[in-house]
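For reference, the chain that follows is the form predicted alone, supplied as structure tokens.
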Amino acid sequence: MASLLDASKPRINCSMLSQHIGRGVCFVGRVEKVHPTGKTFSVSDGEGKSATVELNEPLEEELSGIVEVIGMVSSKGVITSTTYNILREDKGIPFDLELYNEALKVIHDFPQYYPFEVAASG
């Protein structure tokens, strides 16, 4: 069985969490608040809605700005992170979460052009 990191994952925002319970997802958002234990943090999407991310281990680094989280959506709508990447905003060019959110809408409105599931061959 392929690991979550090897499998294809849909990119989602907060309004799509309930449609992906029990599935692997990719979520990009701005870090809003890190819990003092370092085991959870909240992120906001391009619509300004917030989601909670749970980690298996406490953070070992300061977390701020834009992050890409790969994880599984729990029944409570929490993303249990397998991994995350901090997206650095180089050269003063900020990441446009609102534009990213518009791209997500296009991707989800036209799944025939942006397939997330790869059919097993053989």
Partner chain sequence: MAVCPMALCKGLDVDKPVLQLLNIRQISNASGPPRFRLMMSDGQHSLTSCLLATQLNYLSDENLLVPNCVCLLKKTVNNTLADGRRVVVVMDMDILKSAEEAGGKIGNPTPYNTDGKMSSPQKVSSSTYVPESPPSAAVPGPSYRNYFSPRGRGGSFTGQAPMKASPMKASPMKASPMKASPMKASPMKASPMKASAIKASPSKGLTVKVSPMKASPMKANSASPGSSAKVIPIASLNPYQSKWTIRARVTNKSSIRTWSNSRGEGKLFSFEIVDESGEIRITAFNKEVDKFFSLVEQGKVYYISKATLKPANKQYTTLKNDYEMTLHAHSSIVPCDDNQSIPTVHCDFVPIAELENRDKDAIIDVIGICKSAEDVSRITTKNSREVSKRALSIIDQTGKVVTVTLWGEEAENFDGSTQPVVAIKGARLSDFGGRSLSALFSSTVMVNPDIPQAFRLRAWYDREGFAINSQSLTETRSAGTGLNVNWKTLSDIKNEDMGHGEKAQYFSCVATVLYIRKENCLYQACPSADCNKKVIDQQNGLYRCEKCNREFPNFKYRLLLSANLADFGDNQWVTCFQETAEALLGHSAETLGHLRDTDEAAFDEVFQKANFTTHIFKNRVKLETYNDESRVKVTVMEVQPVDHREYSRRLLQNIYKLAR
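These figures come from a predicted structure and were not determined experimentally. Residue numbers count along the first chain shown, from 1.
What comes next is about the form predicted together with the partner chain, which is not displayed.
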item	value
Heavy atom distance at most 4.5 Å to the partner chain in the predicted bound form, all of 67, 87 and 89	no
Proximity to the partner chain in the predicted bound form, single hit among 62, 57, 96, 32 (heavy atom within 4.5 Å)	96
is_contact(residue 103, the partner chain) in the predicted bound form, heavy atom dist at most 4.5 Å	yes
